[in-house]
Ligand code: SAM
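As a starting point, one isolated chain is supplied in structure tokens, in the form predicted on its own.
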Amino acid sequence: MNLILLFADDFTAPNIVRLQGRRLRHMSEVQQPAIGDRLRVGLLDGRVGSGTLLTLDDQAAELQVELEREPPPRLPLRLILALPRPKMLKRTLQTVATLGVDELWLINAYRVDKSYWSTPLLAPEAIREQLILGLEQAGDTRLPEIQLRKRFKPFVEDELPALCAGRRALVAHPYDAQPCPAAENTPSVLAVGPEGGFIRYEVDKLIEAGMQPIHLGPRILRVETAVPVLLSRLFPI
């Protein structure tokens, strides 16, 4: 935890917060601050700054906070990701938040197991929990926007062309593709398939919607590896 993320209901006064639970345990066991120490804090979807520790015991901690800076800029990216298996989904959600992705669209694909859509990790509170862990790691405060689409063809035909309009639109595909373009901070849409990749039909539909296939070279990467590699190649992170 590189930033203590604050929520509106933490405030007991305009600049005083009271923390309990997971954040208190992390503060006590990992950071181990002394009274008067300043800790890095940020308000969810708001500004970042510092908090001066006023009290600390087994029940709660109180900090006086000053939120004077904007959080790191977000990537101007709509990331379209075939729903990963649940174990990988947790790590991917954290990575997306850590890297500052603006929007994440989780979609269906032929090689996405139907059982993945019934995982409790897709509940809004479970998604939020993983995103918050990613924000704390990055020192960010702004949650990515999350969208779920369970039907591939209606999404690609009815929604994707508008999402791609006026943006650099790319699909990660290891075959019959151009090398990954150079990094530039331009609004983009990036589609990444499931383990095993998009099937040919899906790639053709994505191309029809305005996307250009790109590859990262001869090595085939797992989704959890491909996402951060692609983002580091496409944007000046």
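As the structure is a computational prediction, the values presented were derived from the model and not from experiment. The first residue of the shown sequence is 1; numbering continues from there.
What follows is about the form predicted together with the ligand, which we do not show.
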item	value
Partner proximity in the predicted bound form: Tyr175 to the ligand, non-hydrogen atom cutoff 4.5 Å	yes
Non-hydrogen atom contact Leu216 with the ligand in the predicted bound form at 4.5 angstroms	yes
Leu24: touches the ligand in the predicted bound form, heavy atom cutoff 4.5 angstroms	no
Residue contact check: Val17 to the ligand in the predicted bound form, 4.5 Å heavy atom	no
Heavy atom within 4.5 Å of the ligand in the predicted bound form - the one residue of Asp37, Glu62, Glu66, Glu195 that qualifies	Glu195
Options 66-74, 40-48, 208-216, 24-32; stretch whose heavy atom lies within 4.5 Å of the ligand in the predicted bound form	208-216
